[in-house]
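First, one chain by itself: the form predicted on its own, in structure tokens.
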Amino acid sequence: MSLENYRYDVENCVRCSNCKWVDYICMKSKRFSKICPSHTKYLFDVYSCQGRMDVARGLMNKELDYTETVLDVVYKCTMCGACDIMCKRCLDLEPLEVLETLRIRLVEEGLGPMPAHKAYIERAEKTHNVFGEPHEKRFSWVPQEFLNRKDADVIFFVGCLSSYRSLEVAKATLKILDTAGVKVSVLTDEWCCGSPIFRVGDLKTAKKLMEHNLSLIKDTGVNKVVTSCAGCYKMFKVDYPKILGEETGLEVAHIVEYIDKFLDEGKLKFSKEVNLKVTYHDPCHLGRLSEPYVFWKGERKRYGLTDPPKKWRRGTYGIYEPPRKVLRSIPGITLVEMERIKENAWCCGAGGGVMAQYRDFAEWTAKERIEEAKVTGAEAVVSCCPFCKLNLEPKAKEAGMQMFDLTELIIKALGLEV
């Protein structure tokens, strides 16, 4: 993954500013018309995708030095991919891959990532999780019959956050799978999926974690993996193949896809009303960034045409309908939508290492999203990512709203406890 491979992209960014705004045909108000958190927060073009494209070009052409300002610009980005989707509405460029390889370049030069990122990477290397918690504590909450199960049909990859900080999501997910009759296994030697490490540019460490997890899963002979974390989901489904250069052979699904299927098949039946007016927040990694990675090797020709033709990931086929369909099926739930939804959704603010290094920026971004949610008249915000819940929940409480992971509402509607 080399920055030089994206010279065409950085040189052909026309600085149109579409990366900063929701596509005009989807805009509903001036207040919620922006799409890029960092540009909206910091107001300078250098903090937008087009500005970072200039930075990448300047570094490649040796017209720009590696300075603290450059680091600040590159890392004050949630890597939400909104700019990538907006750019592809008018040009076929790869802004997000430019940003990823730009961070990789900074790490290779010994300049990145930022101090908070280095700290959690060191913790992940020592304890296999970004929190530095004892590895043996990772699955202390899991009933013995689900650990390293020999007759499993599905591996539940729990992830660091759900294992150590959002146990309610992990427990709910396991309960739902078991209730639906799935033979599910949790692997005791699961390591961090690598997402927080890859997002900040440490490709070498991320690969070690990825290779361990893939080897661990393949040794079980089970090829179905389910996650409750959008970050883990996107990492397994999109980034593992992209980074390792080959398909993994795994069938990767998010728990909401399973729930949708279980309801259709009658394997789950709701018995309780959940009287609540809710709005749904699309996680970036489950929504616009979740389309499978499409390998392409070729060249750009006149007018940017690709030879052979390239299939573009435009965010159109993200996991948008399953969570909405499931919410509408819960007795008593009323779903109302925010203005920015699906591929046009505003990021929660936690991703790309921002929550660790720039907490004020992460909190500001979350506040913006909750203000948008509040306008709908909803009593609660629902999402399908524990990381989104972690960052949004404090601001939701300040606004007098509740915050749920979808799995928590499913448990309520099933009349179960975890």
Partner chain sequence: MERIPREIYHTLESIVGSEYITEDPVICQAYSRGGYGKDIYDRGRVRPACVILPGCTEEVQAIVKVCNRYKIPYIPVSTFYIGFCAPTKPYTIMVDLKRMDKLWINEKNMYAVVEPYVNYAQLNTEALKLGLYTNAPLCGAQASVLANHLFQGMGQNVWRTGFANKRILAVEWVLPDGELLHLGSASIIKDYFWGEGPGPDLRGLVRGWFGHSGGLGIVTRIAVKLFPIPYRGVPEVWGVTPSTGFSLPSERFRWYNVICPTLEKAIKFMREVSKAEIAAVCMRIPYVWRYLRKATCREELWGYWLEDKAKLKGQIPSIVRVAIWGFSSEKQVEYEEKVLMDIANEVGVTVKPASPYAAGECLKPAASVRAFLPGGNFMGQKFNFDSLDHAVKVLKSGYKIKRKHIPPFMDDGEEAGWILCFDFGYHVYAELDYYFDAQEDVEEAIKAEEELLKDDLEIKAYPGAQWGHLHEVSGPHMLNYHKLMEKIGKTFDPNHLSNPPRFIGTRKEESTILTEVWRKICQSVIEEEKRRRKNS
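Numbering follows the first chain given and starts at 1. Everything numeric in this text was worked out from a predicted model, so none of it was measured.
Missing here is the form predicted in complex with its partner chain; even so, the following discussion is about that form.
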Contact at His39, Val70 and Gly304 by its partner chain in the model of the complex, all three, heavy atom at most 4.5 Å: yes
Contact residue in the model of the complex, chosen from Trp191, Tyr320, Tyr240, Phe262 - any heavy atom within 4.5 Å of its partner chain: Tyr320
Contact assignment for its partner chain in the model of the complex, among Lys34, Arg359, Lys374, Lys367, heavy atom within 4.5 Å: Lys34
Heavy atom of Ile85 within 4.5 Å of its partner chain in the model of the complex: yes
Close approach of Lys20 to its partner chain in the model of the complex, 4.5 Å, heavy atom: yes
is_contact(Leu91, its partner chain) in the model of the complex, heavy atom dist at most 4.5 Å: yes
Contact label in the model of the complex: Thr316 to its partner chain, heavy atom within 4.5 Å: yes
Per-stretch contact check against its partner chain in the model of the complex, the hit in 25-33, 374-382, 387-395, 347-355 (non-hydrogen atom, 4.5 angstroms): 25-33
Within 4.5 Å of its partner chain in the model of the complex: residues from 51-80 (heavy atom criterion): Gly51, Asp54, Val55, Arg57, Gly58, Glu63, Leu64, Thr67, Thr69, Val70, Val73
